[in-house]
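First, one chain by itself in structure tokens, the form predicted on its own.
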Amino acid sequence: MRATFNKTLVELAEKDNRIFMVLADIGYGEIEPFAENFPDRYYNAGVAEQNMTGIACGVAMEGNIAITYSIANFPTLRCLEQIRNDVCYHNANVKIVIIGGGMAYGPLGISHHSTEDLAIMRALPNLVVLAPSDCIEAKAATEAMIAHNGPVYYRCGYKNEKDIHRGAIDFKIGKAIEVTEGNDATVIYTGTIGYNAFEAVHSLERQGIKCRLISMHTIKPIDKEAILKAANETGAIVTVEEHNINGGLGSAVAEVLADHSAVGVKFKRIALPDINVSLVGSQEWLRGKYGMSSDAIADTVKALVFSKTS
């Protein structure tokens, strides 16, 4: 997905000279085309994410579109004060892009995990929060992000993500995408864990359980209409996210259900427990350890469906 993002950004920058890129000592294989094609619009702040964010805010407030870009939690937690006080407070046209959301950098341990970001970023006023799930969404999300006037947080995958969508999609900020139809339950996912949810739903279909599958690529503003429609039509919702269980997708969906008094809806969150992920291994291995494998997701959904109808 990061290759798709960078390729799309170069294509957009060729047409719009307002697009600048500000990095914190990263690249080496993906960002070189931008740096080579637009040297006057490319800055590397070094290992200084707070400076990176401040520079980007200044660039944006001169009428430009500034993209900050680095690994996992470094463009967010390390410079949260600058994002809050500079970018969001001034509603500056800065796009905060992370590479490797969730546990994509699994072998590097917790310092490279991004597992609290959705909760933190969606709490900041003015900030749109995007988490595309595959390369098709990644391209569309990049285009939508650049077109949006204001700050955006973009949670990008790392590499080798499998595509969920099989054709063109209608991507709009704040509007979920229904991947499959179904009325026995609804599975709502965000980000690259979506492929495991996709496989789980197809496994359940072979068992006679027809699930609606929804890509909630925008966490903020969230698609309330899609959530309430799913609650009313299927009666059971399971959220799937590669993120701490507190404050992310599951919490956002639960807020919508509570605010609209959606009584009687069965609801389950699949997410990381409220812990620091101290285990070290590949992303897929870690997902399995924390109940996010395709089989584990299918088992959770099945249990909820049976409890709904028992």
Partner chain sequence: MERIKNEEIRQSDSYLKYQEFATSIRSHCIRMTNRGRSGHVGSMLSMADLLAVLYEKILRVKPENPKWPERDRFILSKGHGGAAVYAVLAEKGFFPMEWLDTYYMDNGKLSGHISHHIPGVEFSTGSLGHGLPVAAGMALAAKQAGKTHKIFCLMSDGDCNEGSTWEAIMFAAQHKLDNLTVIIDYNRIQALGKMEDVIEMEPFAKKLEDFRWAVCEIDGHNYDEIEDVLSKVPMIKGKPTWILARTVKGKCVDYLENTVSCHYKYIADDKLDEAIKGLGGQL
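On a predicted model such as this, the values are computed, not experimentally measured, just so you know. Positions refer to the first chain, counted from 1.
If you look for the form predicted together with its partner chain, you will not find it shown, but the lines that follow are about it.
*asked:* in the predicted complex, is there a heavy atom of its partner chain that lies within 4.5 Å of any heavy atom of Pro33, even though the partner is absent here?
replied: No, no contact at 4.5 Å.
**Message:** How about Asn149 - does it come within 4.5 Å of its partner chain in the predicted complex, if we only consider non-hydrogen atoms?
**Reply:** Although its partner chain is absent here, Asn149 would stay clear of it in the predicted complex, with no heavy atoms inside 4.5 Å.
**Prompt:** Can any non-hydrogen atom of Ala298 be found within 4.5 angstroms of its partner chain in the predicted complex?
**Reply:** The answer is no: Ala298 has no heavy atom within 4.5 Å of its partner chain.
### Message
Test of understanding: in the predicted complex, would Pro221 fall inside 4.5 Å of its partner chain by heavy atoms?
### Response
No, Pro221 stays farther than 4.5 Å from its partner chain in the predicted complex.
Tell me whether Ala45, Leu108 and Ser111, taken together, all sit within 4.5 Å of its partner chain in the predicted complex, counting heavy atoms only.
Yes, each of Ala45, Leu108 and Ser111 comes within 4.5 Å of its partner chain in the predicted complex.
**Report entry** Among the candidates Arg78, His165, Arg212, Arg122, the residue which, in the predicted complex, approaches its partner chain to within 4.5 Å (heavy atoms)
**Finding:** For this set of options, the contacting one is Arg78.
For the interface check, one of 275 to 283, 240 to 248, 256 to 264, 60 to 68 should have non-hydrogen atoms within 4.5 Å of its partner chain in the predicted complex; which one?
Flagged stretch: 275 to 283.
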